[in-house]
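Single chain ahead, written as structure tokens, the form predicted on its own.
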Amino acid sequence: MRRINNINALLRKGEAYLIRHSVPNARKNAEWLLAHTLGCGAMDLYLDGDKYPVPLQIQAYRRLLKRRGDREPLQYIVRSTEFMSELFLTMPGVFIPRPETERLVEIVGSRIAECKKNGDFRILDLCCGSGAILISLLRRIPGTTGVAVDVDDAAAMLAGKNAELAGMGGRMECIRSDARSYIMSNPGRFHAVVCNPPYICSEEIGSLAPEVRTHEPHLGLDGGEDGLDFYRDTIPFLDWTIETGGIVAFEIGAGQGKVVSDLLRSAAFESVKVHHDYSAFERVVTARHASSVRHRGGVTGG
């Protein structure tokens, strides 16, 4: 009996199946899923296209295609994603790092490199998720240490796993806490604070892609009625935990730059700047803590 399910055929069938289920980038998704199933790289699929996987591998591949066809995120299926050209573990229930967030790492990394002097430089990552932002910064800048904080237990645990896999376990601490509580209990401890908070307007969640609205945690997406709740709740207290001259950087959504900038200026920060991503969208707001006197919001809040 002639066998028809060689690698080339499986890729074609997988692509066709995903197209029928309206999965974006169907061919690339089929490649990733088949490479994951066979334990090889995407290039190997084409070098060995005439080879025939065993029936158990074909069955496993079809199960993964079904999950992807049901619009489960690819990153949850293969349990990893690439960020800043490095591989990070992912897991259902923890927000998936996005390529656009790499812009935050680039900007903050450059700012830290400009101002870092000899000695310890401490970074706080709020809403850390998988820990990709902080780990990427620690990789780029020798001599830095950091703390990754997330209100979700699973996120804090995953960030710790990713830190160990990246060889950063000795330079990075992972803590489960809400942002404001952690800030108020660690006065003047950090030279930089970075954060990619939830900033999607509540009413827009339902219009997001099925992968996002159905599978990703709303805790990492929903920023309230106008998407700005986290910034309002947290920025007035940031100067309590950041040293004079320290850097703060937030990822933002389109059109949120002015409000976030105004909140930072009202909380003892200066040199406020809105940065755009490579698609010309507002993506990051940075600022520097200038006052040696703690802002009253940080003293009385909590």
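No experiment lies behind these values; they were computed from the predicted model shown. Residues carry their position along the shown sequence, with the first being 1.
Below, we turn to the form predicted together with a small molecule, even though it does not appear here.
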- Message: To test your reading of this chain, name the stretch in 94 to 102, 145 to 153, 159 to 167, 176 to 184 whose heavy atoms come within 4.5 Å of the small molecule in the model of the complex.
- Response: 94 to 102
- Task: Give a yes or no for residue 73: in the model of the complex, does one of its heavy atoms lie within 4.5 Å of a heavy atom belonging to the small molecule?
- Result: no
- the small molecule contact at residue 221 in the model of the complex, heavy atom, 4.5 Å: yes
- Contact of residue 200 with the small molecule in the model of the complex (heavy atom, 4.5 Å): yes
- is_contact(residue 136, the small molecule) in the model of the complex, heavy atom dist at most 4.5 Å: no
